[in-house]
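In the block that follows, a single chain appears as structure tokens, in the form predicted on its own.
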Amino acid sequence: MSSILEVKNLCFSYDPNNKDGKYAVHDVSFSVEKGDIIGIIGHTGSGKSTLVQHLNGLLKPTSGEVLLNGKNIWDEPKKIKDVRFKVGLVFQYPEYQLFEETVFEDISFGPKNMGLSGEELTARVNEICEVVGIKKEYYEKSPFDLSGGEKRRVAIAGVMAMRPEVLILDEPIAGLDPKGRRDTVSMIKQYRKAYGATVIIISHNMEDMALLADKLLVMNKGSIEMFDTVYNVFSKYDRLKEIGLAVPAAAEVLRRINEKNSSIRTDIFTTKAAAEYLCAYAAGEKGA
């Protein structure tokens, strides 16, 4: 597979003159393959949000570069808007950014900015709503009359409607109830499946990262601490703890049981899978 995004030696300082020599992001390099779901984790202030704002040109590197499909996104600064159509960024609590009078108008706002209109615009909105499960009966409703989870669903759909090749979400499930979390996770999976999109997610919820991500990028003090498979990252239990992070609760429980019974697996990271494994184990199916 080929890389859709590549970050090379990225450094960024919020001080244009960088007089104190401090960087919010320092010497970060990694690549993302088409179709991957990448989870970004790290303690508060580790540089996660600063990093992803470089991926669609909201921030410009102090040094280093970001390549999209092999081309530096800042080669033609006047075309940076086109990059933002290809790399869609959903900020934390996107429902606070809703502003149109109806759900349809809010979802169609991004595609309108891309130049779509008339039947083409309606087709685009219909298509994304079908993919992510927003019914047409919602189209004429005010987004402000929806529940918190529904508002977020509409806000995320508005970015998805631009059909970005790369979709970046900053804490997409923060503050949602269990149903809202499940719906949002399903929405992300459906978008990726429908369009073969690459997805990058920032989250503090380790179980959701285990459910969604192909690989995890761990940020620490503005630099990359790890970039590896979910299993390999969560296997570094002691190091994660040192930098203020944790493994999913299910893995923590299995790890503690394993300290008493070494035959218990520790490579299971979701509550459902761990419960099924322990039930099977108790019933004598140790190979489950």
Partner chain sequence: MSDKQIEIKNVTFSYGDGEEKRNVLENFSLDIERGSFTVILGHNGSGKSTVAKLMNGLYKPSGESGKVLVDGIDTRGSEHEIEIRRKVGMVFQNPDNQLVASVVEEDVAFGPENLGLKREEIRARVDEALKAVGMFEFRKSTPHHLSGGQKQRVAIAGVIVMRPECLILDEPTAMLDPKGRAEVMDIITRFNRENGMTVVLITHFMEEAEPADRVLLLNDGEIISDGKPKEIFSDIETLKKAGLDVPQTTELLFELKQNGMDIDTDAISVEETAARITAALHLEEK
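Keep in mind that what you see is a predicted model, and the values were worked out from it rather than measured. Residue numbers count along the first chain shown, from 1. Heads up, when I say rigid core I mean the largest set of C-alphas that superpose within 1.5 Å between the two forms.
As for the form predicted in complex with its partner chain, it is not shown, yet the points below apply to it.
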item	value
The single option of D75, E127, E120, D177 touching its partner chain in the model of the complex, heavy atom within 4.5 Å	D177
Listed residue (L240, I37, L68, V253) with a non-hydrogen atom within 4.5 angstroms of its partner chain in the model of the complex	V253
Contact segment among 253 to 261, 60 to 68, 224 to 232, 22 to 30, judged by heavy atoms lying within 4.5 Å of its partner chain in the model of the complex	253 to 261
Touches its partner chain in the model of the complex: D183 (any heavy atom, 4.5 Å)	no
Residue contact check: S13 to its partner chain in the model of the complex, 4.5 Å heavy atom	no
Its partner chain contact in the model of the complex: Y195, any heavy atom under 4.5 Å	no
Y93: touches its partner chain in the model of the complex, heavy atom cutoff 4.5 angstroms	yes
Residues from 207 to 228 in contact with its partner chain (non-hydrogen atom within 4.5 Å) in the model of the complex	E207
Rigid core superposed: C11 CA moves 2 Å or more between this form and the one not shown	no
